[in-house]
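A single chain, nothing else alongside it, follows as structure tokens in the form predicted on its own.
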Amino acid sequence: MSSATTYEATVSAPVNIAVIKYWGKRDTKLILPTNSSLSVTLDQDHLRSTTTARADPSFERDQLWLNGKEDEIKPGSRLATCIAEMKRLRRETVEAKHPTAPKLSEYNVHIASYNNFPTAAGLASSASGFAALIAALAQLYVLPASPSELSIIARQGSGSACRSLFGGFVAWQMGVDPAGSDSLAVQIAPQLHWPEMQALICVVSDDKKGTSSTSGMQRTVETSTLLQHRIKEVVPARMAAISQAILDRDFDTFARITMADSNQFHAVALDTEPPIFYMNDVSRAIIALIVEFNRLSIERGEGYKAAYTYDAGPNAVIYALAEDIPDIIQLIVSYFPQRPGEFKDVMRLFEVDDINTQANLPEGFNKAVAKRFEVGAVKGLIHTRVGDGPRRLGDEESLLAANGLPKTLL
């Protein structure tokens, strides 16, 4: 290293899963959405992106490695835009006001990022990835910026990334300024506001998507008449209603709106020309199970017990309160057996090696709503909960070696 001081920061950032979906841009360069959205931040002890950013005068160019492989930073790309914007912030808010501050904005940066879950498989890897990038650079540059201010830059990398700069329950306000100054994330409620809220992710496929979110949503904007109705008539009322439901810890309303919005998002994808199919037979079978599970609960006068939601992919995210998660896992395993030892029982609900021994249906459940699938139809179950925002990690967790290149991650 040519400099006596190492300028570096390592940060982890969480995945968020939207309950009011973002789909469609009114400005593709600035990533300004056609509607506001709302998400739940998940626990990064289970799902996270970790990023190390280092600035050094000896680096010949900005470089980024994702999961150990170099990802080219093309001029004008989202990555290049985010890095340039963060350097601008460093220059304007730190170096211009403190003449003795190191001119880090003039140094090239090396960035190493690692996801502990499949990339581009509908598990919001770009959201946590860009949030970790922005949070790491903000720490490296010692920026006096709030998460909402940083979210304006994160949004330009990946729209949903702006929501991963907060823990808890987060709204991305679409804003009205053509320059995007008011299109940013705000926290609706913190991580500990609704501690009973948990999530079960059913990994249906960890393959890369056939239709990327970016290309898919632009086709929808151009061709779907249903999307225009959604933007104008549906989303504003749902944003207000689900925000209030979260503040009131009203799971019934939360569940109804979450499932309705997921259904409408996929209807909009189907209303695109040509149509886009993100869900498959396994996805639809999980919906049938949750619908029947809720029907039984409502019949008993207990209201909704589970809420499914699907992003641009086949993987199901089921939100439920902690007391109902064991029943939901037993239900899912009844139809989607798991390979022994595959389910990581991180919250020690069952304490068994083979989760299949716990397969069980509630009394009165209509078994005919779905067929039983083979082992592997659902490749894994991830049980998690509401999580916090980006975390600054210690030097020992750096992903870069002394020479500024990535450490071996595997």
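Bear in mind that the values here come from a model prediction, so they are computed numbers and not experimental data. Numbers follow the displayed sequence, beginning with 1.
A second form of this protein, the form predicted in complex with another copy of the chain, is not displayed here; the remarks below concern that form.
> Looking at another copy of the chain in the predicted bound form, is some heavy atom of each of Thr225, Arg256 and Glu273 within 4.5 Å of it?
Per the other structure, all of Thr225, Arg256 and Glu273 touch another copy of the chain.
> With another copy of the chain left out here, work out from 129-137, 152-160, 99-107, 279-287 which stretch has heavy atoms within 4.5 Å of it in the predicted bound form.
Heavy-atom contact with the partner occurs in 279-287.
> Heavy atom within 4.5 Å of another copy of the chain in the predicted bound form: which of Phe336, Tyr308, Phe251, Tyr114?
Filtering the options by heavy-atom distance leaves Tyr308.
> Which pick from Leu361, Val369, Ala377, Met347 sits with a heavy atom within 4.5 Å of another copy of the chain in the predicted bound form?
If I apply the 4.5 Å criterion carefully, the residue I get is Val369.
> Examine His193 and determine whether its closest non-hydrogen atom to another copy of the chain in the predicted bound form is within 4.5 angstroms.
Judged by the heavy-atom cut-off of 4.5 Å, His193 is well away from another copy of the chain in the predicted bound form.
> Report whether the minimum heavy atom distance between Phe293 and another copy of the chain in the predicted bound form is within 4.5 Å.
Looking in the predicted bound form, residue contacts with another copy of the chain do not include Phe293, since no heavy atom lies within 4.5 Å.
> Verify the contact flag for Arg238: yes if a non-hydrogen atom of it lies within 4.5 Å of a non-hydrogen atom of another copy of the chain in the predicted bound form, no if not.
Yes.
> Would you classify Arg78 as touching another copy of the chain in the predicted bound form, given a 4.5 Å non-hydrogen atom cut-off?
Residue-level check for Arg78: no, no contact with another copy of the chain.
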